[in-house]
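Here we start with a single chain on its own, the form predicted alone, put down as structure tokens.
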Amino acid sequence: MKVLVTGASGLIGTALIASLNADGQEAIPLRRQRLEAATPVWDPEQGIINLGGVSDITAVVHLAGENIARGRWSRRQKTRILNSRIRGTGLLADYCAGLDHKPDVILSASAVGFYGDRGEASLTETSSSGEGFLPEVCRQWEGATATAAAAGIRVVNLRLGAVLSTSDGVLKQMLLPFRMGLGGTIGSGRQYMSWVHIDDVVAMIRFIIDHDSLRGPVNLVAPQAVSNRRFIQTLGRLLRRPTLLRLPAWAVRLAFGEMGTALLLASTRALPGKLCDSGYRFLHPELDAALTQLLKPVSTQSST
């Protein structure tokens, strides 16, 4: 099996490529700069894809996109976020649709941000989209795969939750302040967080590649979303640090603007409906056990 991967140097791409290679599959990074002769390269801004000597791709896993949490969302930054997703996805979809030997499946990243701020409502893949910048980005992001689907390629839109890993992402960013005793709830603490362990993300992607029945939007989240308060308290307990501080909603809006409201205060309670119906068995379904597994090597290193 040949799997072409964009965003190969990111958190998910790195873990996915390592998993595929460990099982003897051929994981092929599609990079912006050619590291060796005849290796695949692309430039979404210029509309260029060159796979070099690579052919007969079995699956494409498209993970590339501008980091949405890099800073406040100025008009320019929002345009960068949107274009980085639409242009790359559209280019890849058009390219694959035009191949004589088309890949069996394209798995294109999206996010549970598709649903927006929905309070306590349980959200599955059949739930409607929300309102605001992130839902709009996700709608256009997923829509950019239409060319590939029209060409008969199975397309899966990976609606990712907050991916937990100590290598990168939200959990890594939280560890230092928590170890300093500066952890605490954000806003009311009642907003839901749809999370997923990095090991499950990799296993889900590989499961989807192997199961032809899965197509369209698929929520890549753990079975139980948790409130911000529960997540903070669980992390503090496992790190043996207090979580008495609280970052008020007004402070979030003042410090981070629209980005903080969408990423820190919005409540999204997404459920993995399609994966559960398809028989996927979670490696880390419970938050406590998932965080324990992730923090164990970190705790060991910090105590030596």
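Throughout, we count residues from 1 along the sequence that is shown. These numbers come from a predicted model, not from an experiment.
Beyond what is shown, the protein has a form predicted in complex with a small molecule; the following relates to that form.
- Proximity of 8, 141 and 161 to the small molecule in the predicted complex is complete: all three residues have a non-hydrogen atom within 4.5 angstroms.
- Though the partner is left out of this view, residue 80 does reach within 4.5 Å of the small molecule in the predicted complex, counting heavy atoms only.
- Contact check for residue 260: no non-hydrogen atom falls within 4.5 Å of the small molecule in the predicted complex.
- For residue 84, a non-hydrogen atom is located within 4.5 Å of the small molecule in the predicted complex, even though that partner is not displayed.
- Contact annotation for residue 290: none of its heavy atoms lies within 4.5 Å of the small molecule in the predicted complex.
- Proximity to the small molecule in the predicted complex, defined as a heavy atom within 4.5 Å, singles out one entry of 107, 148, 111, 221, which is 111.
- Interface residue among 64, 28, 59, 239, judged by heavy atoms within 4.5 Å of the small molecule in the predicted complex: 64.
- Segments offered: 269 to 277, 65 to 73, 241 to 249, 46 to 54. Contacting the small molecule in the predicted complex at heavy atom distances within 4.5 Å is 65 to 73.
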